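Presented as structure tokens, the chain that follows is alone, the form predicted on its own.
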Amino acid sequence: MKIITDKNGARDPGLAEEIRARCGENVYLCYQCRKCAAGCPNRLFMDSTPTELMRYVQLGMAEEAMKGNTIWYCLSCHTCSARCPQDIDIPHVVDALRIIVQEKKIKTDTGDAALLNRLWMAMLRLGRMYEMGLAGLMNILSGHPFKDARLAAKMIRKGKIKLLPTIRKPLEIHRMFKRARSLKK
């Protein structure tokens, strides 16, 4: 078993409680069985596994939990939660960590992953994912405006992605987000 230690000794003992307050998940229930890591389809691309992330939070190792790419590369596919014998919703923990990072404006060394996450969440306001808009904005804001332009044209021709977004019930979506903002206050 890999022993996880904090590089500089700094700990945030309130991190686990802050996560619990934000999303209702008790990270102390995790006993490091590693079933989440064994099933994670994206773990090969992450700095740490879901198991290690949970341990970082348990130990109050905020820097390790928030500065790596793990929270940004999490697909929120719930494979980890489905395998967890303690029924911990790990994607909820990841979402809470993402929110904390953004609220506290913590600098992360994840390249464009945080930008992609912000754009993804903004696109969801349309009611469903608008892939063309997401890819276009991502390319423009990351400084590669023509990246994959040929591939995009081919996908549009074959009907794999839509040129314009399809919004089914825009007023209902607007009301839903308005209500969510009022509940937050």
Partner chain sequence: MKIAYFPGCSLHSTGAEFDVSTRKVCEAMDVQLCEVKDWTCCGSSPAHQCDELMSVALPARILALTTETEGLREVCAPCASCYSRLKFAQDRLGDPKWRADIEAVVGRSCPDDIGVYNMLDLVSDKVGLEAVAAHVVKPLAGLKVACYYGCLLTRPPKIVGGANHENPSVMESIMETIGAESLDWNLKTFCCGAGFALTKTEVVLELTRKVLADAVAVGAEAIVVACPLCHANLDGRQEQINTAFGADFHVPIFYFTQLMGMAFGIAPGQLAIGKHLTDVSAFLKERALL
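Under this definition, the rigid core comprises the largest set of C-alpha atoms superposing within 1.5 Å between the forms. Positions refer to the first chain, counted from 1. Only a predicted model underlies this, so the values are computations on that prediction, with no experimental measurement involved.
There is also a form predicted in complex with the partner chain; it is not shown, and the following applies to it.
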Even though the partner chain is not shown here, does it sit in the model of the complex so that L15, E63 and P145 each have a heavy atom within 4.5 Å?
no
Is it the case that G68, even though its partner is missing from this view, gets within 4.5 Å of the partner chain in the model of the complex, heavy atoms only?
no
Spell out, yes or no, whether the shortest heavy atom distance between R34 and the partner chain in the model of the complex is within 4.5 Å.
no
The partner chain contact at M121 in the model of the complex, heavy atom, 4.5 Å:
yes
Taking the partner chain as it sits in the model of the complex, is T108 near enough to touch it, meaning that at least one heavy atom pair lies within 4.5 angstroms?
no
Do any residues of 163-180 have a non-hydrogen atom within 4.5 angstroms of the partner chain in the model of the complex? If so, which ones, in sequence order?
R168, K169, E172, I173, M176, F177, R179, A180
Superposing on the rigid core, do we see a C-alpha displacement of 2 Å or more at I99 between the shown form and the other one?
no
Determine, after fitting the two forms on their core, whether E172 shows a C-alpha shift of 2 Å or more between the shown form and the other one.
yes
Compare the position of the CA of L75 between the shown form and the other one after a rigid core fit and state whether the shift reaches 2 Å.
no
